[in-house]
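Only one chain is shown below, in structure tokens, and it's the form predicted alone.
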């Protein structure tokens, strides 16, 4: 793992004025957060606004630059940041900037077809434990082979969407025409090759755009291509070492692994850029008569392999729920901070038309626990209050064992949310996994504690049968 700077290395390069503009108490506190990678350098606005700090800013940017450079595609709220990785293994720290999913659109579609495809891409979504799983960008493919058609399609695309765009063609004249049309939207250019690096590199430099460097599996060629592009003045580069499926998938995975290890472990600056994979390439082998489901499955398999082996962008074709849902699940799990559980906000949640006689339950603020309980209460179709206790994102069983869920915390939550003023009874339904603290909870709260089901799937029957009212 590359050596990451500590707070004592960062602090001398900060303004040292303790102005608190960054939101921290002083510059040392900000340096500590920087070393933990929980704040961004840009939060220290005086560094950027005052010329006297210019040299310090340059040194700081070099010091804290991650082994994998961060690159932005697009503009505004919909822009996507890729790269910015600090470590090879997630458990060494955390991963940032989740893998971006770009879905393709052909430039030879008519206006209605283009609009339909854009809407389908933007509308693809799924709610998963409070997260809105979605796609991220659009890859415009130059199927027409005509620069004017490609440029016109790019113009139509930015009228239809604010999402980031990748311009995909190996013909420099195609890229030049489209880049001229939509450069202000900061598209990603795909791609420069060993044959086209000069023309495509000049397009990227002219418009200040990020550029993909593409070779077909030869990492030595890729290193040469990156060196040449940087000498030309291209500093925002995305690496595409080629993506093969089926028999060649092992080689693809090996190449991606070598690139990321070289950058993060060996500190090879030539490969310190985001990685791009093209699972969409499996469709090139599609033949009439072959089941499309098999091709889609190949795409999913290739994409999943790319995601777990460090791909920062994947380019896909299929929009089916069954193909993209497991991929977005996989991405969500990989990019969850391993030391920071996914949590919801603590508080009092109302279900249905609450009144003084409805049951009162409690649970923890671990997202998976909360959303499972929420689903089961809704399934029961009853009116109820649910007290969500702040357990720092731990599940019920873990929180009880770790003393993050205690009788005193439950009592504090009941008081903080004024639950006693909302109901005319003093019966509290405890999660089954918290049965061991039920006696303590009764003493701390003055409420009668009824132990609910061990598994939240038993909540509907428990509430519908009114078992919580039984003596």
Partner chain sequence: MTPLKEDKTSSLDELFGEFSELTLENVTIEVDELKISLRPMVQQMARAAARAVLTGPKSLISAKFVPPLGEYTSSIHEVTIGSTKAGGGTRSKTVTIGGHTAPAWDLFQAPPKHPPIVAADVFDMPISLAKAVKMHYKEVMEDPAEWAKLVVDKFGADVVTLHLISTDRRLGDTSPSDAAKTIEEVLQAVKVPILIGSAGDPEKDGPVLAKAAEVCEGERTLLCSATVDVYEPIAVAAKKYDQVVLSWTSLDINQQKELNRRLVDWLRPEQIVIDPTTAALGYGLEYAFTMMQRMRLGGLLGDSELQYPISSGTTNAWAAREAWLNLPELGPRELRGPIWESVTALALLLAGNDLFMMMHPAAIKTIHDLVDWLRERRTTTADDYPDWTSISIPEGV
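Numbering follows the first chain given and starts at 1. Think of the rigid core as the biggest set of C-alphas that the two forms share within 1.5 Å after superposition. For clarity, every value in this text was computed on a predicted model and none was experimentally measured.
What comes next is about the form predicted in complex with its partner chain, which does not appear here.
Peer 1: Considering its partner chain in the predicted complex, which of 86, 180, 158, 301 comes within 4.5 Å of it through any heavy atom?
Peer 2: Contact residue from the list: 301.
Peer 1: So which of 205, 354, 223, 346 reaches within 4.5 angstroms of its partner chain in the predicted complex, heavy atom to heavy atom?
Peer 2: Exactly one residue meets the criterion: 223.
Peer 1: So which of 383 to 391, 235 to 243, 355 to 363, 77 to 85 is the stretch with heavy atoms within 4.5 Å of its partner chain in the predicted complex?
Peer 2: Selected stretch: 235 to 243.
Peer 1: Examine residue 217 and determine whether its closest non-hydrogen atom to its partner chain in the predicted complex is within 4.5 angstroms.
Peer 2: Taking the distances in the predicted complex, the answer for residue 217 is yes, it comes within 4.5 Å of its partner chain.
Peer 1: Please tell me whether any heavy atom belonging to residue 274 falls inside 4.5 Å of a heavy atom of its partner chain, as the geometry stands in the predicted complex.
Peer 2: No, residue 274 sits far enough from its partner chain in the predicted complex that none of its heavy atoms falls within 4.5 Å.
Peer 1: Does its partner chain come within 4.5 Å of any heavy atom of residue 350 in the predicted complex?
Peer 2: Answer no; every heavy atom of residue 350 is more than 4.5 Å from its partner chain in the predicted complex.
Peer 1: Any chance residue 136 has a heavy atom within 4.5 Å of its partner chain in the predicted complex?
Peer 2: Answer no; every heavy atom of residue 136 is more than 4.5 Å from its partner chain in the predicted complex.
Peer 1: Looking at its partner chain in the predicted complex, which residues in 150 to 175 have at least one heavy atom within 4.5 Å of it?
Peer 2: Counting only heavy atoms within 4.5 Å of its partner chain in the predicted complex, the contacting residues of 150 to 175 are 166, 168, 169, 170.
Peer 1: Taking the rigid core as the superposition reference, indicate whether the CA of residue 459 shifts 2 angstroms or more between this form and the one not shown.
Peer 2: Yes.
Peer 1: Aligned on the rigid core, do the two forms place the Cα of residue 435 2 Å or more apart, comparing between this form and the one not shown?
Peer 2: Shift of 2 Å or more: yes.
Peer 1: Using a superposition on the rigid core, decide whether the Cα position of residue 367 changes by 2 angstroms or more between this form and the one not shown.
Peer 2: Passes the 2 Å threshold, so yes.
Peer 1: Once you account for a change of 3 Å or more, let me know if residue 399 and residue 38 sit closer or farther in the predicted complex, using their C-alpha atoms.
Peer 2: They are farther apart; the C-alpha distance rises by 3 Å or more in the predicted complex.
Peer 1: Closer or farther: how do the Cα atoms of residue 392 and residue 96 compare in the predicted complex relative to this form, given a change of at least 3 Å?
Peer 2: Between the C-alphas of residue 96 and residue 392, the gap widens in the predicted complex (3 Å or more compared with this form).
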